[in-house]
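Only one chain is shown below, in structure tokens, and it's the form predicted alone.
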């Protein structure tokens, strides 16, 4: 029995659905079900009534929910009191992130973390993956978040997967693209194409993918290179070409309809984000908490 069990249980109870909780926690539904079964075995009682419309708490489940929320609240209060006793050096955290994640989902996660740990003094460094890797190697960062694969890291660093994503072709929301969901490799070759700069993790992932399909960057009609994901999205929105971007970095634009996402016919480019750091012994208190937070059962990114 540990705190993540209670966190997961409380989320299921809150949304009244295993599948909704699984989606919010970025877990599979079988994983959620297994954890709830573990709790029910531990207490020897059924905690949820199951039905086709969702789940509701049993009488025992209501009791466990009451105490679980209190336990989680008391643990947060304990950590905040410990924080107030620590020296300020233990509260400083320098996080490095590649542009893809650092300019989109991560700031919201840091805000959520700061709400939970208000004593934390956090600085976020956003550069391309190559630059972040160099800063990490030079001990100028406590930890970093990068796209996988992470190359050029020394053997003494720990790398753990925190979330999955996919590479999309992004297009302006107009004909012919807004009437379609896919694009062929031949169409990609012919269209004006905007690419991230050399050293970008996203560019590395894209290059490796097209190489495996028998293509090279030189086969594309590249009109410009840009070092900013925001600049690329603005250029695509203006109708000046196509580009590639991660789904997580374009979720706002896709939702508002200012960018139209396309997948490549018969192809899929999946990748994960990694949190990279030195051994836990080298981390200060707040860095350890951030790692636990980002690896926890809650959604790592907003």
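Here the structure is a predicted model, which means the values were calculated and not measured. Positions refer to the first chain, counted from 1.
Quick note: we don't show the form predicted together with a further copy of the same chain, though the next part is all about it.
- The candidate spot formed by 222, 225 and 267 lies out of contact with a further copy of the same chain in the predicted bound form, as no residue has a heavy atom within 4.5 Å of it.
- The candidate stretches are 40-48, 232-240, 267-275, 252-260, and the one lying within 4.5 Å of a further copy of the same chain in the predicted bound form by heavy atoms is 40-48.
- Shown alone here, residue 174 lies farther than 4.5 Å from a further copy of the same chain in the predicted bound form, counting heavy atoms only.
- Residue contact check for residue 34: none of its heavy atoms lie within 4.5 Å of a further copy of the same chain in the predicted bound form.
- Taking the partner from elsewhere, residue 14 is found to have every heavy atom lying beyond 4.5 Å of a further copy of the same chain in the predicted bound form.
- Residue contact check for residue 19: none of its heavy atoms lie within 4.5 Å of a further copy of the same chain in the predicted bound form.
- Proximity to a further copy of the same chain in the predicted bound form, defined as a heavy atom within 4.5 Å, singles out one entry of 186, 166, 77, 197, which is 77.
- Residues of 177-198 that come within 4.5 Å of a further copy of the same chain in the predicted bound form, judged by any heavy atom, do not exist; none qualify.
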